[in-house]
Structure formats: structure tokens, C-alpha cells
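One chain comes next, on its own, written out as C-alpha cells in the form predicted on its own.
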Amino acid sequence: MKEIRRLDDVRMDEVHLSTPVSAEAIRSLKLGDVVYLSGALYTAREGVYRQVVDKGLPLPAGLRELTNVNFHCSPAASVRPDGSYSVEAVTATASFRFGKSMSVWFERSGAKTIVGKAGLTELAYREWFVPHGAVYLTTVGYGLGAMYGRSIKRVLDVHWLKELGIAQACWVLEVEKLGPFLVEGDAEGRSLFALANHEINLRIDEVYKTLPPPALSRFGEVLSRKDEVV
């Protein structure tokens, strides 16, 4: 496998994973791979994390054995006339808000694949994900909730609905080719976004050199990155 040091090394191969995702499949994922998921996964965000991490409640019976994929998202759920549930769209949640809960969450949930929005830091991946053999997949852009929803085949179960409400409850979903997601944090704790930011920062001084004089220079606007006020 070619070592990834720069964005030019990212190949963005298309990968299809079945849940629960095997340890071998997790180790084979590369930064920037385009991932599609099939099988079962569950939604778990702040409400569920409080139940499991803060209150010490166990994950619902059988869920840990069924799947190891946790999607940080809110579902657009509705009730059918027969009383069953339908989820036709999902809105991904920014994962940084889960922060220090992740290590305990991995221990108690057995999750190995976290799907969410925007990712975490490389330090977070190295300290919380790597020791538990976990990876992070990020959604692609904004406004794709309905598109992701097309891959949701049915609701297998829902837990803590009464206690937490629709957005925060733990929804167990059967999906087929749910994606695309990008491998943002790999099994070695590297971050795709951190790699991109590093290359941007290396060249941003060159960009500043090509900018015209500031229109508001008389009011103190400058071209220096160190002195500018945003």
C-alpha cells in the first residue's frame, strides 16, 4: 500500500463494506477512500451517549452483536398507518461535540466505525480511536440527507424514543449502499482534513503575496496573516 504523505497520494478508491465491519476491512481503509455501507447500523448522538456513558446504562440488548457502526445523525422519522416507522432522511451531526466521551463509548458499545460530520482531530483519533481499532467516516458536503435516506431500507428497531424523542433516540436501520462517505480518520489515526490543511497552510503565504492592496487599508486592513483581524 502506497504511503500517504500528500493529497496527491490519496487515491479515493471506492469501497463497499458490510456490517458489522470486520477488523481486516477497517485496517484496509485508506484516507480518502469513498465508502458505502450495507447491513445494519444505529444512530446515537448526545442523548444516547448520556444514557450509556454518563448513566452507565447498557446498549440495548443484541445491538452490539448486530452491528458496530454508529452514525452521529438525526433521522427524519414518521409513523406509518400500521404503527411502524419510516426514516426517509438523516441529518449528520458534527462529531467534535462528543469529544471525551468517545473512549468510554468505544468500551461500552463495541463500535468500530463512527460516521458523522466534519471529523475530529488527529490527537482524538490517536488517543480514542486507534486503541479501540476504530475509524471515522465523514459525510460528503451538506444537504445530502435525503439522498442518504434513499439507502435506508427499513427501521429494524428504535430505543429510548419516549425518553429522548425522535432526534435523539437510538434508531436501528437496515441500509443498502449507504453513502458516499469519506475515510477521514484511518486505523493509524491520520486525518484527511489535517493532511489537506497542512498543504493549504504551506502555500497560503504564496496566495497572500498575489493579493492586491487592501481596499480598506486606510482603516487598518493589512495583508499580513499575523496582523489581520477576521
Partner chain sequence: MPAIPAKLIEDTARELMARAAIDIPPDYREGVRLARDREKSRLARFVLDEMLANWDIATAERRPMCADTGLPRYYVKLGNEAAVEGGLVGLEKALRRATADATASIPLRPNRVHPLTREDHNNNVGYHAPEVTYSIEPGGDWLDVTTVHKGGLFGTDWRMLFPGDGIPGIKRFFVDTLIESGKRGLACQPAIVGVGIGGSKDTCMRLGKEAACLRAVGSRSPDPAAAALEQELTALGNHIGIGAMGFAGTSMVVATHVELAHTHTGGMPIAIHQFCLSSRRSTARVFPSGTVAFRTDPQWFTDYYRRQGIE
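No experiment lies behind these values; they were computed from the predicted model shown. Throughout, rigid core stands for the largest set of C-alpha atoms superposing within 1.5 Å between the two forms. Numbering follows the first chain given and starts at 1.
A second form of this protein, the form predicted together with the partner chain, is not displayed here; the remarks below concern that form.
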Could you tell me if Gly165 has a non-hydrogen atom within 4.5 Å of the partner chain in the predicted bound form?
-> yes
Considering only heavy atoms, tell me if Leu182 and the partner chain come within 4.5 Å of each other in the predicted bound form.
-> yes
Heavy atom to heavy atom, is His132 within 4.5 Å of the partner chain in the predicted bound form?
-> no
Can you check whether Thr91 is within 4.5 Å of the partner chain in the predicted bound form, heavy atom basis?
-> yes
The one residue among Val175, Val69, Leu192, Val172 placing a heavy atom within 4.5 Å of the partner chain in the predicted bound form is Leu192
Relative to the partner chain in the predicted bound form, which residues of 55-94 have a heavy atom no more than 4.5 Å away?
-> Ser74, Pro75, Ala76, Ala77, Ser78, Ser86, Val87, Glu88, Ala89, Val90, Thr91, Ala94
Using the core for the fit, does the CA position of Val79 change by 2 Å or more between the shown form and the other one?
-> yes
